[in-house]
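Heads up, the chain shows up twice below as structure tokens, two forms, tagged structure 1 and structure 2.
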Structure 1
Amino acid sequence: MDQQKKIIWQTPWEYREGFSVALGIALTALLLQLLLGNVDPSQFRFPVNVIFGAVFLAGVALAFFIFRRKAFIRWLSSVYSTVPAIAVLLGVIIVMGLTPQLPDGTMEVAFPENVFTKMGWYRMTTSWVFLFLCFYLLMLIEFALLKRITTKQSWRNIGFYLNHTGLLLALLGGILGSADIQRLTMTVKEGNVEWRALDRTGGLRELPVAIELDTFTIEEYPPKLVVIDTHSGKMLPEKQPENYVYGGVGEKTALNGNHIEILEYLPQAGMVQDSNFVNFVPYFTEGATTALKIRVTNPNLKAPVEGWVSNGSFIFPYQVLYVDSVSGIAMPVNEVKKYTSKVTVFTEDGRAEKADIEVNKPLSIENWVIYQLSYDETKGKYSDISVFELVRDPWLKIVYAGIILLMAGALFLFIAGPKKRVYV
């Protein structure tokens, strides 16, 4: 059979029309962007986002059922519209990966004066182009779902429903919900109670919960040793610095050509110094540092070099052991293994709850989730304050429902594999 070349826009629509529509939507959005600037999420707070979402979903469904037999609805629920829509969004996301993204709340004046700023590319997720393309995709997903629901069912559809409903929920919930997310930071001093927190713009907010910081503790990893270039202070070898993690007195190790033997270890040390002599002694008060006494040999040295290395604290300076005129052994700041805030949380109805909050172990209470954020880094393990982040995201359940469906859909893809296609 002779295939005739189809002219663009002639039905049935295929990929060419798909790209035209997707690019047309992107261009329209770009015009709006130039006219109006980035979308302000605060305009979409509850209940606007709920109404908007409901109208969107219902509108698409209505269009589907009214125009179901029309060719363009069939096209909108086919891969001919889907593939170009995904491709154009992918293009936008690649641009986003290549341009630095500035956080919300960055002042307009901080943006560079160039065409990217006008196009909203430094805050892609609130740009019209990004949002229009996302909603176009959401519409296509809904059309595809409705089409599948109204045609013959087979067991393979399970995977289709899981994946597409999952993405619909996660994406819609994520976009609409972002306007309702509140993230506040709260700083509490040991022994004090705090119920006020700062929002992103620095405004003070009172919360329905109060946090008392009972104690704050930091657990550190054992100290490390590195070889440094004593002029530049850079760790050696420059490309991929080597380090040794302390494992016990008497251990021997090789570091960038030096042989190092550990002679003494003081986890709680104080420095004593006169005009030409530095020594470290046990010191059990706040501000104690960590010190290792080591012996260093290397083929270029006539005699071994022996002495203390320490990483200092907010009262003691650090101590480097010079090996020769260009290199020395230094101890970087101990890495933090975990930090824990023991707190008592009070709610408005008079309940009190004790809890340990750590990184990765937030506390959920009264619709808020309390995260360990940071502490007084100048004091390190002697910090007497703890900084928390309080997050409220009322749409989280919807997003998580979507994520769970998507995960189930992925398992289905994994097990069922692709359809065996019959080839002509």
Structure 2
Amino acid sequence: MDQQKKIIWQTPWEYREGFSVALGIALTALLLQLLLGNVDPSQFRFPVNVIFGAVFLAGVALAFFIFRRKAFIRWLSSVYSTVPAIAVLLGVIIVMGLTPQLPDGTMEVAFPENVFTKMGWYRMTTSWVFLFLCFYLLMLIEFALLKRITTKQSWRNIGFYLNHTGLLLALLGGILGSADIQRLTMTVKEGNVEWRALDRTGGLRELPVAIELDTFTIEEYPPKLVVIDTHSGKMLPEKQPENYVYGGVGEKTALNGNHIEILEYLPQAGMVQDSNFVNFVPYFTEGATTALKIRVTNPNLKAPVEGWVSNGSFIFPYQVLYVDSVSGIAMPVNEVKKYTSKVTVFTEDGRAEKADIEVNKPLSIENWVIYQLSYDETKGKYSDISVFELVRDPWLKIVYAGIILLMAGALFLFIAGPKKRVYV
């Protein structure tokens, strides 16, 4: 009789039912999303998230031990429920990857209200659909762990325990810890020390770390030349704009039918002009611009056109060399190659640490990660202001612990290899 019940249970409840349950959970969460909007993470900060996580794990464990002999619980701890749950969650993550994800308070400015904003597409990590599916998957992972613990033990279970425990820690720590993440913006002027930063609401916060900006430097790529439509300002040809990257005095190039020769290059230049005359001279003071003297010829010109081209600065205007009544040679703003803040960071215990902070090269100190965010773009390479983003995630160690366990589990499975069958 028991065998017959088992067969009846296993036959209908497989992957099809798994997708039905996962999609049903997603649909239920979508209705809540449309009714209530995104979840407010600030409502789940410490200690609320810790209590919620403990109650969730304890509740799942209690449900397992009370109903573990039920066929439905056995199905929930099998691949028939787990694989569809992962597939549906992966679909949500793909949507997240294809749509811009905006911080709280900025979506209303970036996008008008529409069906996609109501569905939480632009703040997916705080949407009901994402959270419901994540906690459903967490429940399945815990069921699978408890099922394996209560069955016959083997040394080969070590890899299973490492992988599932690591995934449980990483996913749970990432979800619950998101409410405790602090993201602050600090603006520091050269020679000054700053210990205050702004949160996302514009509130001023005093921090346990202070930053002194010693120097701020910008490295730029060589200047470029482009042909523009002098009426619209668009680069030509419109479908596939052409550009020339400066390589040295005396070089020749062709842009949109114009033959251009580089006559002179001033990386540090100042403009001298009157009503009829424009010239550039060496200028080694803050606010200097980049200038190229060029000669332009094309079949439609009676004589070559010669003059200066510059991208300007916060002191000097840009300069275009007009070729004819509809086109001219212009120099776009030099692209930034790298910008670096040389800083001294002070901590509450009196420690001072010097460091160079760059984009993709942050500084970690006192549980804070300091990123190079921006600078005074109106001054460009002469900016004496650096903008930093300071991030603190107290749950990051739990997430890292989960990732380490996942890696250890993968390494164990690689070393142990598949279980060998013995044929008699």
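Since the structure is predicted, the reported quantities are computational estimates derived from the model, not experimental observations. Residue numbering: sequential along structure 1, first residue numbered 1. The term rigid core refers to the maximal set of C-alpha atoms that superpose within 1.5 Å between the two forms.
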(message) Quick check: structure 1 or structure 2 for the form predicted on its own?
(response) 2
(request) Can you let me know which of Arg123, Phe65, Asp393, Val55 is the hinge position, looking at how the rigid parts move between structure 1 and structure 2? (result) Asp393
(request) Would you kindly give the rotation angle of the smaller rigid part between structure 1 and structure 2, in degrees? (result) 17
(message) Please give the CA displacement of Lys147 between structure 1 and structure 2, in Å, after core superposition.
(response) 6.0
(request) Once both forms sit on the same core, give the Cα displacement of Leu32 between structure 1 and structure 2 in angstrom. (result) 3.4
